[in-house]
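The chain below stands alone and is given as structure tokens, in the form predicted alone.
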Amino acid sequence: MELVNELQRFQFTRLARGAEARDGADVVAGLTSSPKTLPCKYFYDAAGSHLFEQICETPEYYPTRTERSILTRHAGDIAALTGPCEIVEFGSGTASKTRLLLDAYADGAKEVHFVPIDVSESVLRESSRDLVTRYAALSIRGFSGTYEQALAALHPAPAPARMFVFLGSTIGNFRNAERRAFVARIRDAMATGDYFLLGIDRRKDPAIIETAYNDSQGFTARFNLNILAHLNRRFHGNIVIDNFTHRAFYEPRRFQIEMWLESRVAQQAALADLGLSVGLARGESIRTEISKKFDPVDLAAEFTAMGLGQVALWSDHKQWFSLVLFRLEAKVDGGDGAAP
């Protein structure tokens, strides 16, 4: 169902929610697998979103401020390279960093088109209302739903090209095969000449990465534990939060940080609405997130094989984080699969 906001420059589409998005099948699958896992999407209830904002302000957590500094310096370069284009952002949230791009594209433009995509309808509405007030030339057509749903629902681009945007190195939360499949879906939604702007966290001293996920104020630990509180509320669970402890460490063979919740005691945990009861041994852990760290050369080769050529790369002076701009040169069949 499509709703039109009272501000005529903001159109909003609430995409249909499938049963999978509501019924917790992914939770059951994760908690009955070996090792046990939980989808990281359950981090982001209201409390989790607030905790993540606090994490981003800690001195140890470099990705957000480093990416912002790169955008501050190079948003104008990005706009100059692409020319006028419709900006489609995955996981737009409050669009706080995206505003740096909008500043660049709105400079002297008669029209700027923005397509924010987010699962949170309330955040999408609030941020979009704020943006159309701030930018006189901006029109927004937002989608509340999954990335796949939004890609399928995209309207014809009103600008000469599109730029798909995925910031925050969120792509690092995918396993290799999942990442390639996701990028393939984006590529299939692109026209030749469209762009893909990607934020990536780069490989570096593992101690720097581990410190970022074990901040001294304990925000990351509370963020990790909050996933259990969210499950309790959402699925009427009896999980005892104090029976778990936060662990985050770098796995060098896979070039990724991993977050886990370790059971302090032997225990039984149940989620009544899912008809699920699982036992955990003392010391047994549940993996809640991975965050891969990338070599830009390797990633560019992977994308090139999918028809996406690298246009430009911008990094901070420490080479900790990069923004990479790709352009669809041609559609390529096959080559999207990968070992996990």
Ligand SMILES: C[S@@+](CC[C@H](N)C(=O)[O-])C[C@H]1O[C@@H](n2cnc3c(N)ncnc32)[C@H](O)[C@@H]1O
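Since we're looking at a predicted model, the values are computed, not measured. All residue numbers refer to positions in the sequence shown, first residue = 1. Just so we're on the same page, rigid core means the largest C-alpha set that superposes within 1.5 Å between forms.
The discussion below concerns the form predicted in complex with this ligand, not included here.
Only one segment in the set 79 to 87, 226 to 234, 100 to 108, 141 to 149 has any non-hydrogen atom within 4.5 angstroms of this ligand in the model of the complex, and it is 141 to 149. By the criterion of a heavy atom within 4.5 Å, Ile200 is excluded from the residues contacting this ligand in the model of the complex. Contact between Tyr62 and this ligand in the model of the complex is not found at the 4.5 Å heavy atom cutoff. Shown alone here, Lys36 lies farther than 4.5 Å from this ligand in the model of the complex, counting heavy atoms only. This ligand in the model of the complex is approached by Gly168, whose closest heavy atom lies within 4.5 angstroms of it. Candidate site formed by Asp215, Phe294 and Ser322: none of these residues places a non-hydrogen atom within 4.5 angstroms of this ligand in the model of the complex. When this ligand is considered in the model of the complex, only one residue from Asn176, Thr245, Thr211, Ser120 comes within 4.5 Å through any heavy atom, namely Ser120. Of all the residues from 29 to 44, those having a non-hydrogen atom no more than 4.5 Å from this ligand in the model of the complex are Lys41, Tyr44.
A displacement of 2 angstroms or greater separates the C-alpha positions of Ser127 between the shown form and the other one, with the rigid core held in common.
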